[in-house]
Structure formats: structure tokens, C-alpha cells
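This document opens with one chain alone, in C-alpha cells, the form predicted alone.
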């Protein structure tokens, strides 16, 4: 069989609230999540050597069992009952590592979709999302994509009206953040402000980008161990350039801005990219890419 590829879109959080710690050690969340057009790419081929091999274009990225792609593959083969033959996965990374945009989760989700297609295993979206929940909190969303309200650990998903058409500028400062480190600060924090989920959902229902942009909120922004000034500076640049709203995504440190004016988005993208190489101009995705694509 010829090589087969699957794209792995990044995500941003339009809202993010942490409701409390669960008995299993994870946190209950409520978050509006949105797929965007910045994608990694995973390519699967057969090989003679038994087992699963993984390589990446980023030399520093672990390609052993620390990578969620391996965990996703193990979950797939355990569920499908298939015997894993010799396989090679090539991971082409574009989503910055440690950025709050779910790159590792997106790759794991892409692995599940790709293996299901490659072996014609016939697992449903629900089956894949159940497997995804075994791998990581953001992986079920990354299996489904689009615009979703996620609750629980992130495994309970409810589709909501899509983010209105817009231009999104993503800017990652020159440092990464560990999700575990950021969440470790939750227990000692009393949040003063919470996201207006109802208002954000109403804005999505009405297709009102401006109203939605005014309700972007992430409780984790106050927990960042370092770099808060730089994050705030990037947000200010985006807002001064005409962003309708700007927010840190996930556990950070990437900051994004939503623009209705394409010229303003292109202009500030160039300004920020001159200082921050990991700056991207993207669009929201209402569904996952139809793969088999280049």
C-alpha cells in the first residue's frame, strides 16, 4: 500500500475555565475550542522491520514512547484487535512545541484517524474519541475538530455554531510552557474572574464576531510562571493593530488575535514575525481537512 498522510490542525481556546480538581488528579474544564489551519502532517508507510518507528523533522522532539503518537497507536491496536505490522510514521511539525495550541494532541488524533483509514478498521468517530480520551485531555477534541464546547477533562464534547469567518494571527514568544507546570498552580489560586461562556455561545449562535471577541477569556493567563509581560505586550500589539479581541491559548504562551480586516491582520503578522519567528496567519476550520491531501 502506498504512503498515506493525515493533517493535524492546531487548536485555540476561545474561553477556558478550570472548575476544580478531580479524584483522578486531572482538572474539570469548560472551554470553547476552535481548530485552525496551522497543521502538522503525519505520513504512514509500511516497513520490513517489525514495530512502529517514528521520525520527525524536529531533531529535539522525542520520537520514542514519550511522544503521544506512540500512545495513540498502542490504543488503536488494542481496540481494533489488529496485529501491528512493521510501520513507519513521519511527523512533519509546523505547530510550535509547548505553545498551548495542542500540537502533541493533534498529532495523536491524526495518528488515530490515519491508522483507522490505513487499515480500514471501521472505527466510528465515537470509537476514536473514546480511544483519544485514554491518550490525553485535548485529544478527543483534536479527533473531532471544528468548534466545540469541551467539558470534563475535555472528553465531553458538544458541537456549537462555528466561529465566524475571520483572520487569526498567532504569535508564540521565544519560550515554551509546560501544561503540568501551569496547572500545578491552580490549587493555590482563587480566580476572581471567569469566562462568560453563555455570552460567548450566544455570540457564536448569532454569528457575531465582535461580541465573541469581547468575551475571549482564559483563567490560566494569571498562572503563567514567567513571560507575563511579553504575553501582555503581544496582546497589546494585536489590539492596537485592530484585533477585535486577543487571548493566550491554552496553557500558553501563544497569543492570538481575531481580525475582521484582512489587511490589518496581514500587516501585524509581518510586524510580529520580524520579532517572533513563530508567528502565523491562519483561518478557523469549521471541519477537519479532507485528507489524502498534500
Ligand code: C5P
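Positions refer to the first chain, counted from 1. Keep in mind that this is a model prediction, so the values were computed, not measured.
Absent from the display: the form predicted together with the named molecule. The rest refers to it.
Participant: Pick from 166-174, 132-140, 84-92, 204-212: which stretch has a heavy atom within 4.5 Å of the named molecule in the predicted bound form?
Facilitator: Contact criterion met by 132-140 only.
Participant: Counting only heavy atoms and a 4.5 Å cut-off, does the named molecule in the predicted bound form sit next to every one of 42, 45 and 119?
Facilitator: Checked in the predicted bound form: no contact with the named molecule for any of the three.
Participant: Please run the contact check for residue 153 against the named molecule in the predicted bound form: heavy atoms, 4.5 angstroms, yes or no?
Facilitator: Contact check for residue 153: yes, within 4.5 Å of the named molecule in the predicted bound form.
Participant: Wondering, does residue 179 line up within 4.5 Å of the named molecule in the predicted bound form on heavy atoms?
Facilitator: Contact check for residue 179: yes, within 4.5 Å of the named molecule in the predicted bound form.
Participant: So in the predicted bound form, is the named molecule close enough to residue 25 to count as touching (4.5 Å, heavy atoms)?
Facilitator: The answer is yes: residue 25 has a heavy atom within 4.5 Å of the named molecule.
Participant: Can any non-hydrogen atom of residue 217 be found within 4.5 angstroms of the named molecule in the predicted bound form?
Facilitator: It does not: once the named molecule is placed as it appears in the predicted bound form, residue 217 has no heavy atom within 4.5 Å of it.
Participant: In the predicted bound form, which of the listed residues (33, 38, 29, 238) lies with a heavy atom within 4.5 Å of the named molecule?
Facilitator: In short, 29.
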